[in-house]
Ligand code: GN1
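One chain comes next, on its own, written out as structure tokens in the form predicted alone.
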């Protein structure tokens, strides 16, 4: 976490909050923003989540927050009082803005904390995977009637294989930190699997995969659960943009069906959990299958591989460039993340036929196989 030049304890009073601040503690495992949990001294009022926005990653803070406001308002309008799913609520500043700018030019935002709001970095059981699949599938479904032109890309080319690969090759060639010789095997693997990973981009280019409003960062820990392990809210809406539903599916599988941590150093622990794959896909198709085209359902297994590949070369690129994008906590941290992704990718490819057959079985289960 970067040191805050403006005390985060003082930020609470810049927003239209209820109650008073009892304590503030750093929280979260995200790579990008700095996050604090503000406990309310008044038990009748909510706690809050305060974030200092990383404007190096998201330089257009106005656009970032405009997208989030548009999406959260649309989701709020969808929710009934009896609906177990909640939506993020942005807390306005006292000047009725969606974020606060401090004297040092840092940007801050606040959300009402979802209570209790449990999250998982590693899926504990198949039911949690099913619940997460339902939640992310419903997220796309609930936004299906919001024109994707209402949301603008905050990071153009975020899931672009060609763009990510080109930047990776530039890092390899320039080798600014003289780390190229340490990653020969990883560079070779990135080159070896490139053509396989260009399949979905070609389908998108030719219009065979529809553009939808998607989350684009569907890690398991971006779903919050209640005490009964029921999914109650999708969070971290920074990368909500026009995109592909299959990539949202793929990123969830990348995290949920990985048996190890994202930065695992013992790669013998990194495997592809086919039970979790099936459970997540079951929930995802239950919520969204009625909207998906045959082309989308056909490439769901490949989408998981593609997103895993993209993340692998992103971690590798950041390592080669000097670890300036993803937060690191030890030497070689991004390299560990890359190696975990590439190990997982190999395991996914080995199970490709199983995954394809599983999607077909689930489509029949949900009576979606006749869709044309």
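Positions refer to the first chain, counted from 1. These numbers were taken from a predicted model, which means no experiment stands behind them.
Just so it is clear, the following notes concern the form predicted in complex with the ligand, a form of the same protein that is not shown.
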property: Interface segment, criterion being heavy atoms within 4.5 Å of the ligand in the predicted complex, picked from 343-351, 38-46, 316-324, 54-62; result: 54-62
property: 4.5 Å heavy atom contact, residue 338 to the ligand in the predicted complex; result: no
property: In the predicted complex, residue 74 touching the ligand (heavy atom, 4.5 Å); result: no
property: 4.5 Å heavy atom contact, residue 311 and the ligand in the predicted complex; result: yes
property: Non-hydrogen atom contact residue 219 with the ligand in the predicted complex at 4.5 angstroms; result: yes
property: Contact assignment for the ligand in the predicted complex, among 239, 258, 297, 134, heavy atom within 4.5 Å; result: 239
property: The single option of 226, 204, 106, 262 touching the ligand in the predicted complex, heavy atom within 4.5 Å; result: 262
property: In the predicted complex, residues of 239-258 near the ligand [heavy atom within 4.5 Å]; result: 239, 251, 254
